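Taken one at a time, structure 1 and structure 2 that follow are two forms of one protein chain, written as structure tokens.
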Structure 1
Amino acid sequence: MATSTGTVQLISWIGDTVVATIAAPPLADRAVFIAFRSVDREPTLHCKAVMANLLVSAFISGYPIEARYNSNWEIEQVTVGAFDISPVGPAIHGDFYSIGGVDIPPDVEIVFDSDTMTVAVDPDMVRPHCVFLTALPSEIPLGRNVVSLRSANWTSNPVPIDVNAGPPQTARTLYSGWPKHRPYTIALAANPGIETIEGDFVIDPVMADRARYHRASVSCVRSLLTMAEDLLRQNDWDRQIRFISIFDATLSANEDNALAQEVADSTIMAPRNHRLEAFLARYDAQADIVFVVFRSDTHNRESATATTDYATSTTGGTAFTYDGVEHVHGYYPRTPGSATMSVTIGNRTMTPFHEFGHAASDYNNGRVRDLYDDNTTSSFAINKKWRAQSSDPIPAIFATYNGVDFPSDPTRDGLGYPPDWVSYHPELITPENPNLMDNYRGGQNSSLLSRLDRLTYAWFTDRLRAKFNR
């Protein structure tokens, strides 16, 4: 069996055959055909019809095909695709744009080639498996383009795409995540409405500023995947994480649609986590974590609510021990973890990762708490303990997790414990920088260098592994 790979230049219907001319320069064009015979079984005829439709789609889209044919040049199978990069979703001016790939170098640019011009764009975020654009530039000509990734030492395959003017998609996948049932998913959602302290529902101003929502969303992803804290990208884990965005400008502000609420006597905006699951379901979506992007002049401080996982008896989990007591890393969330995120956050900030730390912990099997205060809690906290008196010494061992002793941080490195505090923390991974769950902006170095403590990192690693492998 011979093979011809290239684009379909011409398709003809002649008698009982469909003839396709495949161009694969510098080789000569090759005419191959599909024969519809009266002796063919009905399923074979159906499948040949599908194959003819595939040739038509390849002809219209500009996608190359690989045709395998016999010595009579009759096609026996056709493959379409097989690029080394994968653009995600339609190309729409002003909308997110992302491209998946393999070992994408950090200096890559996205190149759009059309009949009239070439536009090269620096991605807003690069990881080895994907690049993100906050918004597809309007300079890229409408209609047929060929997109590729290009760096100093590498150029990807060119992929034909059709660029259109809009409108941007309401729900959009930014990266598909691992091809398995319910990959670990992080959703970014523009908040349609705010529940005020008085109990009214008002339109969130973020819905009038889609461009800024896009910037804040990419800033969240950048915070999670590109800063010093490597929790989510260890072992290339971030290749497994699905990212989706929802910006639905058609929704009114009401009980069902409002995803954030003002907190009385504070400037805090809290997620309305009990509404998230039904909200996502409208878009055929589910998530483990939801970032609710909002805008408020009076309540602009972010907050988070921990995940509530299903009980182990329902959907399974991985057992662990903490100070000798058995708990479970649940596989699936009954209520996703959630965090509000002001649309005004900067391009490079650890705030999304800090809030993720709260949201990705579990209400019943270990919460990751703020370390910048001395507040006590009755719930099970992973990263915070309390002495009886502030004058009591800080124990050398903070906790025993899965049989391993994790030391305490005796000095609250980088910041120092106030003398009246009774709380204390686990040992840091990078003692020169404050804990990411502490006042990470208060250290001597850039806040972008802040990381979790050793215990929380180990606990989160096991928790996320349980969810990635579910």
Structure 2
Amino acid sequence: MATSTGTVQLISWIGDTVVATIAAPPLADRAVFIAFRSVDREPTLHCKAVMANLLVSAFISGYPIEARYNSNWEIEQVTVGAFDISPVGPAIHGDFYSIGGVDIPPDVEIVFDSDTMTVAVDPDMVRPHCVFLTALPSEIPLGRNVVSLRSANWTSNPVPIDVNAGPPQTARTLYSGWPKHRPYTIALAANPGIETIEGDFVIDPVMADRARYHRASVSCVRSLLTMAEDLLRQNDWDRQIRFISIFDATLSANEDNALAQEVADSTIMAPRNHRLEAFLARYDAQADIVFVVFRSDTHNRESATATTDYATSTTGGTAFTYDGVEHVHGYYPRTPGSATMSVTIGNRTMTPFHEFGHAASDYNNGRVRDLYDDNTTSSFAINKKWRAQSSDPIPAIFATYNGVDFPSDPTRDGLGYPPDWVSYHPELITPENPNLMDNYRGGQNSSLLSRLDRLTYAWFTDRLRAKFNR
């Protein structure tokens, strides 16, 4: 039995025989075959059909195969070669492009090889499990290319791909997440329409600027996965998160399609979260969190709405206690958490993570509130409490979560509590930087170093674990 590994150069049917030429010695100039004989029993015919299908698939895709054949040059076994990277979705000029893998070095570049040229591109974001491109460059030749990742000390397997000119996809998976029925999913959606203060519906200008939508979307992912706050990176959790994008330029601005609305007497753009589930369903998508990417000259401030989980009796959950009262981390959202995100956000910013903090909390079982104001609320807040009057001392213990006492922050993480405030916060993980849910731009150090407080971090860790393990 001889073995040869290479790409399938030619394949054809001659009667009841599949004939193939494989580009590897000693088969480069010799044909091998699979013969379907009348004496073959059903299991044998099935095995031969599978091998023939593998040959055809390898011929179309350019993937290498390993063929084992006997002295008569008849194939007896075919296996597809393994790859250590996996491109996500088609390669389209101007569209997102991402590649999954394992232990990807931070200094990789993406290399595209074709018959005419080699193009090396620096990714816009690198994680050990994935690299992202905001848009596939038009310099990459159309047609068959071979893509690989390359760093100073490592090169991945080359993977054949076909590059085409477009148009970009309407709905696209940026990273597939955990291979399960419903992985934790974050959706990025270009906003088709804005509901104005007057109640009218107008086209969102973002629909005419796909390139800026792409940049803002990757900025959101970068904020969640690459800054100092490691909430989503702990335990390699970001490998489990599915990211999807929806940009549908065919939609008009109306009640059904508008995903954002202007807030009166402010510059705030709010998500129309009651429309999100039906909007996603058009594209066979579900999400736990939706970032609605918009553009506005008058209402350019982001905001968020907390998730509303299903009741425990409906789809299950994990119980927790907060100050002795039992609550639950629900497994599935009845209404996904949502946040608006302006296309004007910078390349490196904590704003998406700040809004994620609101959106990923639960409307009924614990909301994560803004800490840069003294506003009170009747809803259950995880990270904010109030004294009877501002002259009262701040309690040493902020709250008891699952039987563990979490201290208060007596000095408001260096920013200082205004003398008339009655609200106070939990102790920070890194007290030298403002709380991520506070005025994180107001500290001495870079806002990119801001993190959550210890209590909110522990609460979110349990909440996300419940959802990741559902």
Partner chain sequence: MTETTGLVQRLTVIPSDSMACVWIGPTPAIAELLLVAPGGENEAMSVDALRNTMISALVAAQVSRHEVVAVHADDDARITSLRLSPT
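Just so we're on the same page, rigid core means the largest C-alpha set that superposes within 1.5 Å between forms. Residue 1 is the first residue of structure 1, and the numbers go on in sequence order from there. Here the structure is a predicted model, which is why all the values come from computation and not from measurement.
**Student:** Looking at the two shown chains, say which is the form predicted alone.
**Tutor:** If we ask which form is the one predicted alone, the answer is structure 2.
**Student:** Answer whether L136 and I99 are in the same rigid part of the chain between the two structures.
**Tutor:** Answer is yes, one rigid part holds both.
**Student:** Report the rigid-body rotation angle of the smaller part versus the larger between the two structures, as an integer number of degrees.
**Tutor:** Rigid-part rotation, C-alpha based: 23 degrees.
**Student:** If you line up the core, how far does the Cα of D16 move between the two structures, in Å?
**Tutor:** Value for D16 between the two structures: 2.6 Å of C-alpha shift.
**Student:** What is the C-alpha shift for W73 between the two structures, rigid core superposed, to one decimal in Å?
**Tutor:** C-alpha displacement of W73 between the two structures: 5.8 Å.
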